[in-house]
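Just one chain follows, in the form predicted on its own, and it is written as C-alpha cells.
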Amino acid sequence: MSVLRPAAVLLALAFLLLAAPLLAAGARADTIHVGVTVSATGPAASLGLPEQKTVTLLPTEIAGQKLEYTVLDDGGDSTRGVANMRKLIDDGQADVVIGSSVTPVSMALIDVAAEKKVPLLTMAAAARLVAPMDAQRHWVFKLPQNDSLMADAILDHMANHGVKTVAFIGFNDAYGDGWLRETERAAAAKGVQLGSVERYARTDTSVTGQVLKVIAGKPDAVLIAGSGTPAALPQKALKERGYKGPVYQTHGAANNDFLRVGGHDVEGTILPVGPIVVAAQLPDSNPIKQVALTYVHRYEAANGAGSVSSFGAHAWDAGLLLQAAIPAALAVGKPGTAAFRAALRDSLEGLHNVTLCHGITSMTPDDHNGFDQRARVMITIQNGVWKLLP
C-alpha cells in the first residue's frame, strides 16, 4: 500500500478545491431550471392549484437536457410574487419562470423579467401584459388568450342575439381594468351601449349594492369580468334579485369550482373559452382536439375524472412552448448562462404554428401571445356542465 506524503495530500486537496466549481458548473450545465410562481392559495386558488398540479406532469427532459422545476405559492399577492421570482432566479438559478396565475401579480413580474433578462411565461389573461410591446415586455410571453380576442367574441354574440345595452361588473384590479377597456372598445364597434359599470374586490363577500344599481339600469345583458370562484358572486346576487336577462362571463370563470360554487344560479351563462374546456365536443377535424385530449387524459389520470381545468392547461401549454423553443436555444448557449436565456427568449419569439391546448400560436416580435380566432369557442352551462355552442 502506498502512503501519500503530506505535500501530496495538500496538492490533492488543492486540486479538489479548484475542480469543485468546475464540477458544479458541469452538473449545472446539464440542467435547465424552471421557476414557477402560482396563486395556489387565496381567492385565485381555483386557478393556481390546477396549474401547480400540472407542473408535476411537465417534461423532465428536453433535447437531452434535464429539467428541474421549483414551485412557489404567491397567494395572489404581488409583493410575494416579486419576491418569489427573485428567489427563483437568484437562488434557484431559473433559466425561465412560469407565472403567475393572475394579472395583478403578473404585471408586477414584468420589471423583474426585464431586469434579470429571464423569459417569463405568464398564465394571466390581460392583453397589456404583452402589449404594447416595449423593452420590459420584450421578455414576457403569455399563455392565455388576450382579453381583446375574447371580448370580441362576447360582443359578437351579443350583437347577433339582439343585445342593445350591457352592464358591466368586474374586479377592481388590473384584470377588471383590462376587461372594461376591451368591453368599451368592442361594444362601440358592435353598436352595443355600455350602461352601468360596477366594480368589486376578489375578496368581497357581498355585491348587493352593485347589483341593485345594475338592475336599476334595466340592461339587456350583464357581463361579469371576474375569474375563479369570485366570478360567481355577482351572478348569484343577480339571480337572487330576480334579474332575467342573459349573463356573460369571461374565460376567467371556466373551471369546475365556478360550476360548484355557482350551482343552479349560473345555468345558461354564456362565455368564450379555449378549446380545451370542451375538447371532447370538438369535431375530429379540429387540430387542437388531440393535443387537448392528451392533457385531459394525463391530468385526470393523476387527479381523478372530471378534475381537469382550463387554467391547468395554461401550465401544460407552457411545457409545450418550452419543448418547441429549448432545442434552438441549446445550440447557442448552455443552461444557466445569459446566452442561453437570451436565446430561449429569441426562440420563443420565433415559434410559428405551435398547437397548444388553447389554440395555435405564432409569435412575432410584436405579438407574444400569437393566438387567433382558433383559440376561442363560445360555450354555455347546461345542466351543470359546459356545452359547446354552434
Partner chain sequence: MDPTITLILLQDGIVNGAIYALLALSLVLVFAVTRVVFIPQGEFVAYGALTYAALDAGQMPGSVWLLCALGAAACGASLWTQRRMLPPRALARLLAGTLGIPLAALLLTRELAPLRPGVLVQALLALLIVTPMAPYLYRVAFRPLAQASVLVLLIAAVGVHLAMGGMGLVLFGPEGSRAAGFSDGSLDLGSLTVPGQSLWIVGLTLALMLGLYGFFEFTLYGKALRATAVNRLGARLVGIGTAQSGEIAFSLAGLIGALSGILIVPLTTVYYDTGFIIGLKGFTAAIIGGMASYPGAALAALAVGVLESFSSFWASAFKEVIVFTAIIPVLLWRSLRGGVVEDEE
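Nothing here was measured: the structure is a model prediction, and the numbers come from that model. Residue numbers count along the first chain shown, from 1.
Keep in mind that the form predicted together with the partner chain is missing from the display, and what follows is about it.
Asks: Can you say which of 316-324, 138-146, 254-262, 79-87 gets within 4.5 Å of the partner chain in the predicted bound form, counting heavy atoms only?
Replies: Of the options given, it is 254-262.
Asks: Answer with yes or no whether residue 230 is in contact with the partner chain in the predicted bound form, where contact means some heavy atom within 4.5 Å.
Replies: Heavy-atom contact with the partner chain at 4.5 Å: present for residue 230.
Asks: Do residue 41 and the partner chain come within 4.5 Å of each other in the predicted bound form, heavy atoms counted?
Replies: Although the partner chain is absent here, residue 41 would touch it in the predicted bound form, with heavy atoms inside 4.5 Å.
Asks: Is residue 220 one of the residues lying within 4.5 Å of the partner chain in the predicted bound form, judged by heavy atom distances?
Replies: Heavy-atom contact with the partner chain at 4.5 Å: absent for residue 220.
Asks: Give a yes or no for residue 162: in the predicted bound form, does one of its heavy atoms lie within 4.5 Å of a heavy atom belonging to the partner chain?
Replies: No, residue 162 stays farther than 4.5 Å from the partner chain in the predicted bound form.
Asks: May I ask you to choose, among 281, 290, 172, 307, the residue with a heavy atom within 4.5 Å of the partner chain in the predicted bound form?
Replies: None of the other options qualify; the answer is 172.
Asks: Only one of 131, 114, 201, 194 gets a heavy atom within 4.5 Å of the partner chain in the predicted bound form. Which one?
Replies: Of the candidates 131, 114, 201, 194, 201 is the one lying within 4.5 Å of the partner chain in the predicted bound form.
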